[in-house]
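We begin with a single chain expressed as structure tokens, specifically the form predicted on its own.
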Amino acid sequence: MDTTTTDPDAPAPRGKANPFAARSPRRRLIERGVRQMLHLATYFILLCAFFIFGDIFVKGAPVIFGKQYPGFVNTRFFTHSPETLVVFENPEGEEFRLDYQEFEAFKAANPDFVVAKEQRNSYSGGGILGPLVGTALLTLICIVVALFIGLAAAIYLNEYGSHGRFMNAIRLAILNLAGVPSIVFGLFGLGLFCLTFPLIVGEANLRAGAPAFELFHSGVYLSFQGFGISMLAGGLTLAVMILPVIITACEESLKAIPMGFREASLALGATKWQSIRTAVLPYALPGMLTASVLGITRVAGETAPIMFTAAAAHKDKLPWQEAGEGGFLGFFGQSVQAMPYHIYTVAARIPQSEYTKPMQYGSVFVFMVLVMLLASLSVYLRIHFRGKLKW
């Protein structure tokens, strides 16, 4: 029996470094420098974020909040759609600012008023009601479609799909789609949903130049004419864009559930779907909700897809005021305003002046607050539902 012991102070065998040996002062100095560099990089990113958000808050908050009662909140900014802002002066040089409709009413009520100097600023008056409503409708369509299809695809891939080359190729394709630029999805939605999506319509609703085939000599046609520039086309485009994110996140949430839950449920006589519905989905729900809300946050801020498929720079009426008697397609088949496109319009497509800044910064401030609220909601839902689960 070998009773030899190893001397802890003896040098390590040649060719084998001692992993527990004390680091040299030079290595400790290098490690400290790398750590400080990483700290500085982190603080620099946080400083940039605080600077951007602080600038938006300082310039945008005064547009929304007042200093005196009853003007603590500028309700007009949320209850009126964007209008042209008319800036004019009287012969004495006193300046007035009125929205276009108010300016026309003012001139009608004061026919003797002399306008000495007049300047019109597009989209700089009124409020953001139209863009807010349009963004909400587009997001609603997107999340309804994307949640149903994304959840179904995730359940199939994780619970029913086999683990082979074909399924791995599908997963790889889904991951690749998540990295495709949003403008590509915008062009895809324009080509498919706006121009060529098949619809069953009557002869009176056929679009000139679109391929159409009559069904059974009934006067009803299958027409490849698409939805046109509409909120339905925009919502479906956003749904396609967000599907890879939702599928991947939901599948990861399902993978996190222990296999013992499924096996115990099956051992008690449950079917495959009963086992998924009662022993898997309730525990995967927090992760799914978090992914869904974060997905909403992403699509709500997309500009390129809705610019090609749904958005209008200006509309006098809200969607329900202009739907008429067209039914489902009459309502969802019309274009809408949207917050990202509205911000792009007032920031990049009109001449900049001191009169356009309140609309610019006010819109960005409101949109930033909405995104922060959605992100906070996702965190709250995750904590709330996970606190109720007992494994």
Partner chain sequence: MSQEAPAPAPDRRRNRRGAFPRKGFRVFGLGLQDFIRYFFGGNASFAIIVLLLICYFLAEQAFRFFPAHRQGLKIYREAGQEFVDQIKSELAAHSRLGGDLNIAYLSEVNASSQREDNLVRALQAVQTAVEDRTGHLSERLEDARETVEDLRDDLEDAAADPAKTAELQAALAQAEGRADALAPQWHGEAEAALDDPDIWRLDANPVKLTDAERVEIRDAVLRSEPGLDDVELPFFDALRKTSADKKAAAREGYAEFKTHLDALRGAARPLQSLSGDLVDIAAENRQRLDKFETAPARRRALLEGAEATMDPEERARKLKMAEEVVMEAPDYDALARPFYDQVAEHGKLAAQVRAAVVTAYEALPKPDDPAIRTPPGREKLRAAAADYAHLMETLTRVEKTLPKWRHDKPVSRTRGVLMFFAGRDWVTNSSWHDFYGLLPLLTGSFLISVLALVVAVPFSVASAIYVNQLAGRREQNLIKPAIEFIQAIPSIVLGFFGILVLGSFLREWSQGQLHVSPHGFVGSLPVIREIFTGICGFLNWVAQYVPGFPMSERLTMLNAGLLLAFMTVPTIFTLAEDALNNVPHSFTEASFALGASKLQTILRVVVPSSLSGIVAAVLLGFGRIIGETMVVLLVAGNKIQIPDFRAGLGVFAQPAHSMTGIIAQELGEVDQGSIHWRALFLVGMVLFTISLVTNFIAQRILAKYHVKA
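Throughout, rigid core stands for the largest set of C-alpha atoms superposing within 1.5 Å between the two forms. Everything numeric in this text was worked out from a predicted model, so none of it was measured. Numbering follows the first chain given and starts at 1.
The form predicted in complex with the partner chain exists for this protein as well; it is not shown, and the discussion that follows is about that form.
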(request) Examine S218 and determine whether its closest non-hydrogen atom to the partner chain in the predicted complex is within 4.5 angstroms. (result) no
(message) With a cut-off of 4.5 Å between heavy atoms, is Q321 one of the residues that contacts the partner chain in the predicted complex?
(response) no
(message) With a cut-off of 4.5 Å between heavy atoms, is T303 one of the residues that contacts the partner chain in the predicted complex?
(response) yes
(message) Would you classify V180 as touching the partner chain in the predicted complex, given a 4.5 Å non-hydrogen atom cut-off?
(response) yes
(request) Find the only residue in Y283, F308, F103, F77 having a heavy atom within 4.5 Å of the partner chain in the predicted complex. (result) F308
(request) Only one of A256, V144, A152, A136 comes within 4.5 Å of the partner chain in the predicted complex by heavy atoms, so just point that one out. (result) A152
(request) With the partner chain left out here, work out from 103 to 111, 128 to 136, 183 to 191, 311 to 319 which stretch has heavy atoms within 4.5 Å of it in the predicted complex. (result) 183 to 191
(message) Heavy atom within 4.5 Å of the partner chain in the predicted complex: which residues of 45 to 59 meet that condition, in order?
(response) I45, L46, C48, A49, F51, I52, F53, D55, I56, K59
(request) Determine whether the C-alpha of L381 shifts by 2 Å or more between the shown form and the other one once the rigid core is superposed. (result) yes
